[in-house]
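The chain below stands alone, shown as C-alpha cells; this is the form predicted on its own.
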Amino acid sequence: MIKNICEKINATVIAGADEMEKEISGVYICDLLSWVMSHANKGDAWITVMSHANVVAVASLLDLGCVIVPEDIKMDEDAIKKANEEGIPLLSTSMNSYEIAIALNNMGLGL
C-alpha cells in the first residue's frame, strides 16, 4: 500500500492523499516520458526527477499507482493540482532514486 511506502521512505504526500490505500504492484524508474509510456506497468510506483504536469498525465494514462520524486524535488503547482484532480498520489522524499529503489525492493516490490 502507498501508505506503507510513505512510512518506509519517509515520504511527504503532496497530492492524492485520498489514495493511500492503493496497492502498488511494481516499481519503475525513468525520466523519459515516452520510455515510461512504453515500459511502465499499471500499478507501478514511478520514481522520477521530473516535476511538471506531463508526469501526472502519463501516470494517469498508464494507471500507475503513484509517482515518487526523490531528493526533495519540488513539484510544479500545475502538476499538484492535476494529480489531485486525477487521483494520482505524488510523494516526495529526501532519499535519492537508488535509495528509494532499495527500500521498495526490501518491501517486496520490484523484480
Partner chain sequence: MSLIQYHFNVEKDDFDRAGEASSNIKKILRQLGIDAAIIRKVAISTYEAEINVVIHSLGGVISLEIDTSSIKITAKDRGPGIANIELAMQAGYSTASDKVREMGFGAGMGLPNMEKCADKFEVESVVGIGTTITMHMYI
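Numbering follows the first chain given and starts at 1. Because the structure is a prediction, the values reported are computed rather than measured.
This next part talks about the form predicted in complex with the partner chain, which is not shown.
Shown here without its partner, the chain carries Val69, Glu77 and Ile100, none of which come within 4.5 Å of the partner chain in the predicted bound form through any heavy atom. Put simply, Lys81 is far from the partner chain in the predicted bound form: not one heavy atom of it is within 4.5 Å. Residue contact check for Ile73: none of its heavy atoms lie within 4.5 Å of the partner chain in the predicted bound form. The partner chain in the predicted bound form is approached by Met50, whose closest heavy atom lies within 4.5 angstroms of it. Among heavy atoms of Leu62, some come within 4.5 Å of the partner chain in the predicted bound form. Taking a 4.5 Å heavy atom cutoff to the partner chain in the predicted bound form, the contacting residues in 36 to 51 are Met37, Ser38, Ala40, Asn41, Lys42, Met50.
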